[in-house]
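Okay, so here's just one chain, in C-alpha cells, the form predicted alone.
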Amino acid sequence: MSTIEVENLKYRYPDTTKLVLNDLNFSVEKGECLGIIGENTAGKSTLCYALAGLVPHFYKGAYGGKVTVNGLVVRDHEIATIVENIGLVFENPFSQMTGAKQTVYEEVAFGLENMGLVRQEMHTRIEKYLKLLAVYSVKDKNPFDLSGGQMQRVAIASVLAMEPEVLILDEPTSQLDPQGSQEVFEVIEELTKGGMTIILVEHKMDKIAQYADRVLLLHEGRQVDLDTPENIFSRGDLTDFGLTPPVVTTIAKALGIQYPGTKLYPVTIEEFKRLGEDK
C-alpha cells in the first residue's frame, strides 16, 4: 500500500457552492517527494489540509471521497491520531508558534508533551532535531526573537520531533527573504536524501524541479497532470494555468536543448549543462 492514497476527493467550504477540490486521485510512495503546483485558486493549501486531517475535522463543509495516510482513513480518525503519522508546516512560521513558550527548546517540546512521551525520549528527540535543523545554538532564545528562516526551521523541527511518516510543507519559504529561503531548502534537501515522504507546495518552480520526484499540477481544484518534473515543465500550456517553467527550462526551449529522442527539456542546471555538452 502507498503511504498516501487519495481517491475521488471532493471538498467545498461551508456556505459556498464551488468545489475547491474536485475529484482528485493520486498516491504517494514512501520516501517520495511530491511537488504540488498551481495558481492561487488551484486548491493547493486545501489539499494539504485534507491530507493532514484539518479537512474535514476542523474545516467543515461538503466532503467526499477518501484520503488514506499510512493505512489510516483520515475521515475516520481524530486529528490527535493523524498528527502522529503526518506533520504539516504552514506557510507563515508565526502561525506555527504556540506563543505560550519562552524558548525554542520549550517550543519544540510542546507537541511531545501532548503526545505523552517520557522525559528522556523528549530530550533525545529535541536535541536531535534542533541539531538537524541547525537551530540548536538558539535553543534558549525566544522563538519570536529569531529571523524568519530560523523561525521556520524551528517550526519544521517541532513537527519532525513528533516523527511523522509524512511531512507536508505548504509554501514554507513564501514569507522569507532569500537567505531564509535557502536555509529552509537546505533542510528539505537533507530530509529528501534521508528518505522522508514529503509533500511540497512551492511557487518557486526551480525548487520544485530540483527536489520533487513527481509533480501534481492543479487548476481550479482539478487534477490536470501528475508526472515527472521534466514532463510537467515541458508542457506547452503551462501559462494557461498561470505558471511558468523553471528558468533553466525556458532557456533550454529557446536553445532547443532536449533529451535525445524526446520532446522533453531539462529542469535543472546540471542536466542543462550535460545535455548542452552532448549537443
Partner chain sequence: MKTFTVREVDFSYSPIIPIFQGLTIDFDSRTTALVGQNGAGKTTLVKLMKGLLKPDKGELLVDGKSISEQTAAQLAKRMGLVFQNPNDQVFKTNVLDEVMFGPLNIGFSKREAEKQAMNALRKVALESKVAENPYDLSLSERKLIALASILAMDTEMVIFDEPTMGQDFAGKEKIKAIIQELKAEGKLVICILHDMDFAAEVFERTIVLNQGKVILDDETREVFSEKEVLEKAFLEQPSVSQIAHALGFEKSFIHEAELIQFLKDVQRLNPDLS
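Model, not experiment: these values are computed from the prediction. Numbering follows the first chain given and starts at 1.
What comes next is about the form predicted in complex with its partner chain, which does not appear here.
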Which listed residue (139, 203, 128, 77) meets the criterion of a heavy atom within 4.5 Å of its partner chain in the predicted complex? 203
Give a yes or no for residue 212: in the predicted complex, does one of its heavy atoms lie within 4.5 Å of a heavy atom belonging to its partner chain? no
Contact between residue 237 and its partner chain in the predicted complex at 4.5 Å, heavy atoms? no
My question is simply whether residue 39 lines the interface with its partner chain in the predicted complex - judged by any non-hydrogen atom within 4.5 Å. yes
Going by a heavy atom distance of 4.5 Å, is residue 31 a contact of its partner chain in the predicted complex? no
So which bits of 242-256 sit within 4.5 Å of its partner chain in the predicted complex, heavy atoms only? 242, 243, 244, 247, 248, 250, 251, 254, 255
